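One chain comes next, on its own, written as structure tokens: the form predicted on its own.
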């Protein structure tokens, strides 16, 4: 029988409370370092996107280069709903969620039959086909190269979604998404996804429905991307064609790698760093900002493969309090193998 990871409510409450306070206070502390309130909203929206992406990449090691398909499709559905149906974001969010789920199940059922580079290429190919379709056969509804423009003011229960109301709405969704992601990570589903990451073929031999778990991770990750796409259009009532383009998929990959994959917090840090660099640091160093950002990315990949979270762990080990007695004891030869064998045995017993 599989067991969940050790859980401590005081520690969990401290982590979630600290995270919520940091996010909700962002409009207050971000201007101290050169940012502004509108940038805080963008950071929160992209953090939702990156957080969901980590559920797929971090938990299962399936690297998608096509998550813009969900971000962009949800953005277009939200835009069309706000423009032609209702200015209420409730219906727009509902319609985009349904559309994202349908698309995720269809694409997941097709491309998750492959893994590794083949999965990555297939995800990119489908996303680019959707992008091409938005510019050609669906141009009548999407606006083609010009994107989808709207002159409506999105609202929630009569309250216009702009400025602080928009930020706090997005921030609450991010906090809820973070709580859900942490619950998923320590749940039996999260353990199975980690097992898929380690050796999915062995799981299949034991009779586990590996495809079902992979689709679950893919769909959950897509929902996060869809929510982020909807929020971006509610925040800025305009759907840019790049929302469906490969560049959007590439940005969330870079955010995840810079911040630290499989940490949940890391990709959100990466999203904040990228947007801060693009909107604040760019004004200080000029047109070379992309070159500097690329150099930082290269250095992180080479010297900090675990991203900013890995840097924090190294600094903590070097300058923080001494590790407890258990951490001082090196792993006995074969201990990791024994842990892995115990995990597989538990999975086999559950199957």
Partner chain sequence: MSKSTKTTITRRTAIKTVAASALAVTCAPAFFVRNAWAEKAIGNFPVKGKEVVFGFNVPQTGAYADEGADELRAYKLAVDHLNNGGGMLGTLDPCALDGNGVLGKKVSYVVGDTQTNPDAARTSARRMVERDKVIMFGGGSSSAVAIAQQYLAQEMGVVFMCGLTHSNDTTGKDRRRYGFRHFYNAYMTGKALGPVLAETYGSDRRAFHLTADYTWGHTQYESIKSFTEAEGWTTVNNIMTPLGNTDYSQFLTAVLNSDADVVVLNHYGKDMVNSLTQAVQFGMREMQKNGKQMQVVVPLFSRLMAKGAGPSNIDGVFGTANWNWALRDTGSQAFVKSFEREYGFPPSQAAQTCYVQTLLYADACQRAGTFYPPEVIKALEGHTFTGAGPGESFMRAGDHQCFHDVLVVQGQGMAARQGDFDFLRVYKQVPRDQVSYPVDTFPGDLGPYKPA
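Numbering follows the first chain given and starts at 1. All values reported here derive from a predicted model rather than from experimental measurement.
Missing here is the form predicted together with its partner chain; even so, the following discussion is about that form.
The stretch from 96 to 104, 193 to 201, 148 to 156, 112 to 120 that comes within 4.5 Å of its partner chain in the predicted bound form, counting heavy atoms only, is 148 to 156. By the criterion of a heavy atom within 4.5 Å, residue 186 is excluded from the residues contacting its partner chain in the predicted bound form. Using a 4.5 angstroms limit between non-hydrogen atoms, residue 36 touches its partner chain in the predicted bound form. Contact annotation for residue 84: none of its heavy atoms lies within 4.5 Å of its partner chain in the predicted bound form. Mapping the unseen interface onto this chain, residue 314 falls outside it, with no heavy atom inside 4.5 Å of its partner chain in the predicted bound form. A single residue from the set 173, 240, 124, 215 has any heavy atom within 4.5 angstroms of its partner chain in the predicted bound form; that residue is 240. Within 4.5 angstroms of its partner chain in the predicted bound form, the stretch 280 to 319 places a non-hydrogen atom from each of 280, 282, 283, 286, 287, 289, 290, taken in sequence order.
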